Structures are given as structure tokens and as C-alpha cells.
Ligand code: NIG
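The chain that follows stands alone, in the form predicted alone, written as C-alpha cells.
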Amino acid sequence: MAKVSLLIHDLEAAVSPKGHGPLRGGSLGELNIHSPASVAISGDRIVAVGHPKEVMDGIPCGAEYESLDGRGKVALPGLVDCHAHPAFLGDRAGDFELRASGARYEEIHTSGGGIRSTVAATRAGTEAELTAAVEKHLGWMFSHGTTSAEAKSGYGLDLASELKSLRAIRNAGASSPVDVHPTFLGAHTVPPEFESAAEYAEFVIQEVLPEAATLARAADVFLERGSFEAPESRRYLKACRGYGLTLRIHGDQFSERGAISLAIELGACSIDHLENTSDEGARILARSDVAAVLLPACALFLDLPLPPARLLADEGAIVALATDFNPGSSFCESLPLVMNLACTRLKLSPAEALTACTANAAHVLGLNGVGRLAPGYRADVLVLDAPDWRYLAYHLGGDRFAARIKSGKLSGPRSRQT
């Protein structure tokens, strides 16, 4: 065994999705459960997971390492949030109040509120202010167990502000414990200075994309009535693919407009939302390698129909979960809350929900060696302050963690063992 730098010893259990890569169909809820368990870490990698005696037998006598007492606790992989919008300034508390009075999200958006109000606030702020906001939002996410996250632009919608957003994401990620994966959401909505979606999409492709592609790993589009239809979305995504960006689609949130067929046609990594996906659409998606990223906090926040999660899972789709953290339609940074909603509203099992926001979400972000507790995987570990791993979703609210470990670095109580 490699030299151990951190040992989590005498856990009630260590729990992780089985296998490698994304899990789907009958394998979606398959877990490896070691009980009791210890986890040995060397640097930023896991080197052993198993029965405490077996793990200790592999550590040379007299070795020095940091240790964490796991008695009465459970170890889980760090959570991966594969759909989040943390790069914004201002808030949408006013929109929230309007919705509480009966206004619908689309009505607020078309009247100049919604995304456009956040665009105005984000454009007005400095890069330093936006960097500080992203840092704050990532800190919230880490406190809820997220150790890797996507971060989308999309609240700038002009050259200077989109690049400012992507630089803020990069800068915040450099100082955050969360690994950040930037996505260029240049086609979020049509800003007021453009008369049509086609005109704005062409501007983004010609003027913004060449520089944005140097700062992002993926590209996304909001394919929806009032934003971008399939022709503009196809043109934008094909151009982004030409710059080597992974493709993502916001689709079927309010209406079916060809997002699934476009995602399959272009080989997109995922289609996200799916609140208004038909059973036929779900079956088509399940037969493809395009992941279905479900955002139940958004459906709750906007009182939308629920995505067909159970059908997608049963038909063999690659199902992932994410927060959709943003100021307007899902002001929620907690993946454990999303897991609770997945179990109580989407009818996924706790095991399926765990896989959906660890191994499968890591797949969506193209992360190898992340999302499992297994030798060779990155040492992103949550120590749950509970005797049963299901408390992660079962406990609705509250601080669940005795410790969070990111790339082998412990945030929480410490002790020294020799």
C-alpha cells in the first residue's frame, strides 16, 4: 500500500456506487457497502476501502498519518453538482414574491424580469465583485457536500460580460475547495438589444465564442419558447463543437421543442430539465448515450410538472441529479435536498439518488476517477454524522457532516496517530 496520509477508521460503513463509469437500468441503484469499514488515503487518492482490520494490516507498523475517528459515522463519495449557475450578481426576490401572488415564470420573463433582470445586475458589476459572488456560492455548495461542480456563465449575454463571468468562475475555482468545471451558456436568452434569437445567436458565434471557448469546457443552450428554437440551437451548438466544447442542452422545461432529437443528433453529453418530456421522448432518450439531468428543486420552486424520472430509470437512461442553483428558478445549493426530492417526489430509491449525484453526475462532467469510494479514485469523501448512509437524503435540512475531505485534505475534527 502507498504511504498513507489520512485514515478514516472504524466507520459504521463506507458506501459507494459499484463499477466504473455511469450506471443505468438495473445497475443504477447498485452499491458497494463495506460495514464496518475504514478508508485509507494517500495524498489526493484513495488507496484502500474495506474492513478496518484488512485496511490496518496494509499499513506498515509505526507509520505516521492523520486519522479521523469514524465510530458511529458513514463515509460517502463527495457529491458532484453537474448543473449550476453560480456566476451572477443581484437577486430575484421580487420575482419570488410575484410568483407567490400567482405570476408564472414565463410571464415574469417576458415582462422584463427573470433572466434579464439578473443580466442587468451582472453586467453592472465588476469582475472582482462577480468573483466574490461565485466564491460565496461555491462555499455554500461545499457546506452541503458538493466537492465538484459545474459553473455556467449566461447572465452576461454580451462579449465583455460573458468573458467576465467565465474569468470569475476560473478565479473563484482557483481558491475554492470545490473543483469547478466552466460551461459557456452564451445562448441563455435573447438580450433586449437584439431583435431576434437568430441575430443574437449569430453574434454569439462570431463575436463571443472564439474567446469564450478558451475559458470553458462545455457549451449550453436554453432550447425553449421565448429563448432559442431548434434551428438557432443547432447552429450555436455545432459552432461550439467546432471549438472542442462538450455540448449540453436545457430542454423540455416548459414545452417539447425537439431538444431530445437534437441532443442525440449532435452527440450532446446531456439534456437537462425534462419536466415536460413525454413518455415517448423519455424512451427515446433512454436508448441513447445522452444523460438525463433532472433538477427537482427547480420543478418544486416553479411548481412545474415533475420529470419522468422513474420511467427514464426503468428504461435504462443515464440519470443524473443536480441543483440547478440560480437566483430565479432554483435558489438551492443543496444536493442532499435534491436527493430527498428525488426520493419523495421522483420515486427514485436512495441508492439511485446517490449514484445520480456522484458517479453519474461525474460522467456528465467528464470526470474520471471521481464519484466513488474505491482505490485509485480521488479522495473526495464525506463523513456523515449518522449511523446510516440513507440519512444523507432522509435528513431534510441541517448540517449532516462530521467532516468533508477534498482531494485528501480534511475539513473537520483532526487527530494524530502513529
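We number the residues from 1 along the sequence you see. It should be emphasised that the depicted structure is a prediction, and the values quoted were computed from it without experimental measurement.
Below, we turn to the form predicted in complex with this ligand, even though it does not appear here.
*With this ligand left out of view, which of 167, 257, 92, 144 would have a heavy atom within 4.5 Å of it in the predicted complex?*
Filtering the options by heavy-atom distance leaves 92.
*this ligand isn't shown here, but in the predicted complex which of 329, 148, 233, 183 has a heavy atom within 4.5 Å of it?*
None of the other options qualify; the answer is 329.
_Please determine whether residue 324 contacts this ligand in the predicted complex, using a 4.5 Å cut-off between heavy atoms._
Looking in the predicted complex, residue contacts with this ligand include residue 324, since a heavy atom lies within 4.5 Å.
*Using 4.5 Å between non-hydrogen atoms, is residue 237 touching this ligand in the predicted complex?*
No.
_Contact with this ligand in the predicted complex for residue 201, defined as at least one heavy atom pair within 4.5 Å: yes or no?_
Residue 201: no contact with this ligand in the predicted complex.
*Contact between residue 248 and this ligand in the predicted complex at 4.5 Å, heavy atoms?*
No, residue 248 stays farther than 4.5 Å from this ligand in the predicted complex.
*So which of 334 to 342, 79 to 87, 127 to 135, 282 to 290 is the stretch with heavy atoms within 4.5 Å of this ligand in the predicted complex?*
Correct option: 79 to 87.
_Suppose contact means any heavy atom within 4.5 Å; which members of 261 to 279 contact this ligand in the predicted complex?_
Residue within 4.5 Å: 273, and no other.
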